[in-house]
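Just one chain follows, in the form predicted alone, and it is written as structure tokens.
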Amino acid sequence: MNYSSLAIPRLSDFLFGVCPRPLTLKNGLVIGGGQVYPEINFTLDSMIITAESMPQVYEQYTQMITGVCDRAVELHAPGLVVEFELLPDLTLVPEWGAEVTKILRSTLDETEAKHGLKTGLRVTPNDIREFARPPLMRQGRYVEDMFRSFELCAEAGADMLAIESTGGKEIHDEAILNGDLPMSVFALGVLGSRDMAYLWERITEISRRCGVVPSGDSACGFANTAMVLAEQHFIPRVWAAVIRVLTVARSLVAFEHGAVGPNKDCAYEGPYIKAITGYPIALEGAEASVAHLSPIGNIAKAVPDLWSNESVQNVKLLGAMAPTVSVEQLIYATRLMNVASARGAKEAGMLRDWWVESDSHLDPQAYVLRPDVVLKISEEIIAEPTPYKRTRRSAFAALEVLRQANAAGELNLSKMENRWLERLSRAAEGLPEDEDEFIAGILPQVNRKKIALSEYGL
């Protein structure tokens, strides 16, 4: 699949809960067909995972899924999606992650049979390839165990498979801290995109063989890392905003190789993916503060089809255990979306626009998620034929949008942010159009101790 036109070209059609290519699970739950559903994500309290502690691990996941399902029934949720993000240890030993998948599947099935609540289970193995140094992306024990985790979890009851892949991250973290735009483009538009093609050929093959949905990826390790660093004042916010847009072409590769959504929650590049592909997406915002702080808590609600909390630890709060509290927050948030949708597209658009207005002028990271901006930049991205050229065009488009917004008073950037905007713009002008020329020019700058270029076909 090669996307060359927008699936959603009109702003009036770019709404939460609806998309041109909705996904229907085996039990009839339709994602993107008119309602937004909560997608709860939970994880263990701090503990050491060993063979001896696995009974306690299984017990915690049993408690979490039971509390979540009970509260969803009590609050009359119209549907519920659970995402199980495997911790590294639960992927390193694939059988452990598969056993947790069975536990979750069993409780979801019991809840659906007893109460009629339609549910879905997304399972996200960890990208454990980083355990080798430098990472081996296409060979070795960690690659084999990761793909075995996908297979076993699919067989254990997953409805959807996903990953937060990390190809290119071994050099991207330093690029973030150095404000190095060309190196970021290399990590995302060349390395990450090549790795995505390799990964998603395999994930799609496993999904089809096991009868599950290949859902989507996430640039969390790239753009969310930048967002958190910007929130802590380590890097400029305009730089984090540009990185967010740079990740779009990379994440799109999953859909070019068989993914059909919903794209993952922590991928704030999701609105771009939805606009381009028409497939449903998950997003997170205000309710994700249990995992990380952000300046985009409301604007992220503009166009999701699943609304998530990122990931919450199994700790006791005054109200209840944290996963139960989180699912309640998500249910109430999606209730409002669904009431607006039931009133019609005009009312849904009004609610969308209020969320957008509340965030978009306060931070460049929010501004690049404005639905109108997303459509504008997405159209430019798909005008290019390859991931590198799309990533390069993303840099030009994002920087131009931010410059125009600042000049028009729609963004109030500090002097320091303005200086960085100009610095990044000059760096973008130096990106050659030809990919081979770009690679030849940047390879001498790459630290070969951190990366095995042969693992990316270079």
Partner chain sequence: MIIDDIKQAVIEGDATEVKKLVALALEQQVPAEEILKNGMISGMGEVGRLFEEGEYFVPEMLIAARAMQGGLGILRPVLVEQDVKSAGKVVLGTVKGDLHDIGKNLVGMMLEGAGFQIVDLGTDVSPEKFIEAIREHQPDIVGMSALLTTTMPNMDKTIKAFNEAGVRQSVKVMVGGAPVTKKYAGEIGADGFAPDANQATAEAKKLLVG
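Bear in mind the structure is a predicted one, so any value in this text is a computation, not a measurement. Numbering follows the first chain given and starts at 1.
Below: the form predicted together with the partner chain, not depicted.
- For the candidate spot formed by Phe131, Gln313 and Trp420, every residue has a non-hydrogen atom within 4.5 angstroms of the partner chain in the predicted bound form.
- The partner is absent here, but in the predicted bound form a heavy atom of Pro88, alone among Gly211, Pro385, Pro88, Gly140, sits within 4.5 Å of the partner chain.
- Interface residue among Ala320, Leu177, Leu336, Leu362, judged by heavy atoms within 4.5 Å of the partner chain in the predicted bound form: Leu177.
- When the partner chain is considered in the predicted bound form, Pro236 lines it closely, a heavy atom lying within 4.5 Å.
- Using a 4.5 angstroms threshold between heavy atoms, Leu375 stays clear of the partner chain in the predicted bound form.
- Within this chain, Ala428 is remote from the site of the partner chain in the predicted bound form, having no heavy atom within 4.5 Å.
- At a distance threshold of 4.5 angstroms between non-hydrogen atoms, Ile49 is in contact with the partner chain in the predicted bound form.
- Only one of 328-336, 80-88, 257-265, 192-200 lies within 4.5 Å of the partner chain in the predicted bound form by heavy atoms, and it is 80-88.
- Within 4.5 angstroms of the partner chain in the predicted bound form, the stretch 14-42 places no non-hydrogen atom at all.
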